[in-house]
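First structure 1, then structure 2: two forms of the same chain, each alone, as structure tokens.
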Structure 1
């Protein structure tokens, strides 16, 4: 037993504890400094609640480290099914918060079930891949994996939580890549999202990328059908984006989408761009070393929207400056690299998929959240893992990390299960 615990990855634990600790400090600053007078009673409780959820997460991690590999493989499908039922229950009986009907209340406890669904979905996909015979990827198997992911994503869309649903969709190419799907097909899946983004930011750039990608796929594959499909997929995405912006969406929706391209413009800064303008002002005013804990003028003046949740990065940027922001990114980088290394060390598809999908999910959250705070992306309500306030998110993210650490702890046992 003592030798087994030498496999416990202390680097990942250190990164996790550091990120959670930084998050708790930032939440305190956002809700207990001078800014507290601008808020109702609920935000002032965020700090205490986060401490409680951190304690629950620690207990959950310790329990997970004592469980065998077979336990996680056995419960993968039941957990997935249970989270689907919770999503349906939230849709029917849940409480609406910030426009999304994603919450279930159990006495004094509230759970955002869409966060828990991430755990069940990743476990189910990993188990399906781990059971695969023969161990080759084809389109039929890829569609099965995509269906497993899209089912909870669809229920989350019905709850009006589009941001969380996008995280599930973003997991699709990551999971398919680590499952062995051909790289050409993966590029075909990713390219519409890239040109679609630039269709909003810069139409000429999107057109140039469409042409370049089509030419690249022809050069890479020498297959006319793939090249034509590449052009249709990317060019069609550009066309649909422009039609949606000019014909389908209302003026307010168009403003919400376009505001991130220049939130300080006259038509945006007083309404839909207001939050990003203040977020960037907070981050920019922090300079190299920041203004100091509880000293951020934007933060303590209550100017930043949802500054303990979606825009907590602006608190860190203002009070801890560029150096503090870099520390956050380095810690995230260390954690994700270690997860990929742990997955590779396990050499079993179940462990590899859980580790890589967990790292991928963290990356999607980080990219979108910091993109919102710095006006690189529209505001869609995605928390920063381990740092933003949110007990359900902290518990779900910590649970996935705990599963990876537990599987790696017993990585030599994978051979017992016939792989």
Structure 2
């Protein structure tokens, strides 16, 4: 029994506590600053609620630490099924918030079920991969995994919560990567997404990337068919993006798509670019060390909408500056890399998949969220893990971490239940 406590990973626990703590401080600043009397009463409640959800998450973590590996494996599919049901229920009975019908209310509690679906999905995928034998990776198996992810993702799209659905899509290559899909194949899968982004932002970069990627694939495989396929896939994406931008979409739509590259332009700054202009002004004006806790002029003036939720990073960037932002990035880095190590230590596909998919999912959130706040990406409404206000997200993200910690605590038991 003593060894189990030694296996409790204090590093990731520390990173988690630090991030949640920073998040609570940032939410406090965004809702209880010197000018908060001018805010609507809703965001003020966010601070209290987040503390309650933090408490719930701590209890959940402690409970999870007491549960055996087998328990998680057993409940993986039921949890997945339950979250699917919840998604359907939200579609049917949910209340619409910010245009998305992804909320279910239980008395005073409201749950964003799409957040919980992440937990169920990752558990289900891990369980499928964990049960797989022999340990091969064929396309049929890959399709099963993709199907497990797409099912909740499409329900979430129906809920009109595209941002969260996008996270599930991003999860696909990560899960396939960790379940052993051929890396060349994976690169073929994700390369169109990357060149597609650059086709919108900078066409020359996209063309250079296409050429480099094709050459790289040729260098890696020496297989002419793969190289040609790479060139066609990436080049085709660039061409399609170009055609879409110039022929298919109207000028207005194109402008809207491109707005994030220049949110301060006259035609955007009052509407679609408004959040990003103010968010960039907040973050940029933070400078090296920031303006100080409760001293951010943009934050305290309420210039950035959703500053306690999706745009929480603007608070950190403004009040704690570059140094504070880097601390966040470093903590996230530590947490994710540590999760990967924990997964690797477990030496069991179930553990590996849960730990690494969790890290991957955090990564997607971090990139999209901070990318959005700094106008690197368009506005996609998803929270920054552990930091943004949002009980369901905090609970879901913490639950995944708790499962990994619990599995790692008993990693020696894996051999008993192993294949």
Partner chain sequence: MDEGRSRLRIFVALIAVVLGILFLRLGKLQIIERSDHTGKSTANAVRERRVQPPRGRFYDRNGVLLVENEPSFTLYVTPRYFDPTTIPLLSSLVMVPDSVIQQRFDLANKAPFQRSPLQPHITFEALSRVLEQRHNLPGVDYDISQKRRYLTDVRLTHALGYVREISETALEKHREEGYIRGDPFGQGGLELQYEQDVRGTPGSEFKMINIKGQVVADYLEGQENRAAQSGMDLTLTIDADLQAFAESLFVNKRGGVIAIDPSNGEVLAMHSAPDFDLEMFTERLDPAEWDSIRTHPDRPLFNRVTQSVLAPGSTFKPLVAMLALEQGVINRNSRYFCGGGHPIGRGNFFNCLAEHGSINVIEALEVSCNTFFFEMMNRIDVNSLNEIASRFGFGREPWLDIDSSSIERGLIPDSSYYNRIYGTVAERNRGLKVGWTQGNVMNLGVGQGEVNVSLLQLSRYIAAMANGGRLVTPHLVRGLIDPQTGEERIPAAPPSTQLEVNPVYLDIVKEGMKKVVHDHSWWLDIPGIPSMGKTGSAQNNRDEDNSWFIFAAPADNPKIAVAVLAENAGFGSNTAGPIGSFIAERYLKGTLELTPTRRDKLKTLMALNTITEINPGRGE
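Note that the rigid core is defined as the largest set of C-alphas that superpose within 1.5 Å between two forms. Positions refer to the first chain, counted from 1. Since the structure is predicted, the reported quantities are computational estimates derived from the model, not experimental observations.
- Two forms of the same chain are shown on their own. Structure 1 is the form predicted alone.
- Core-aligned CA deviation for residue 322 between the two structures: less than 2 Å.
- When the rigid core is held fixed, the Cα atom of residue 288 travels less than 2 angstroms between the two structures.
- Core-superposed comparison between the two structures: the CA of residue 219 exceeds or equals a 2 Å shift.
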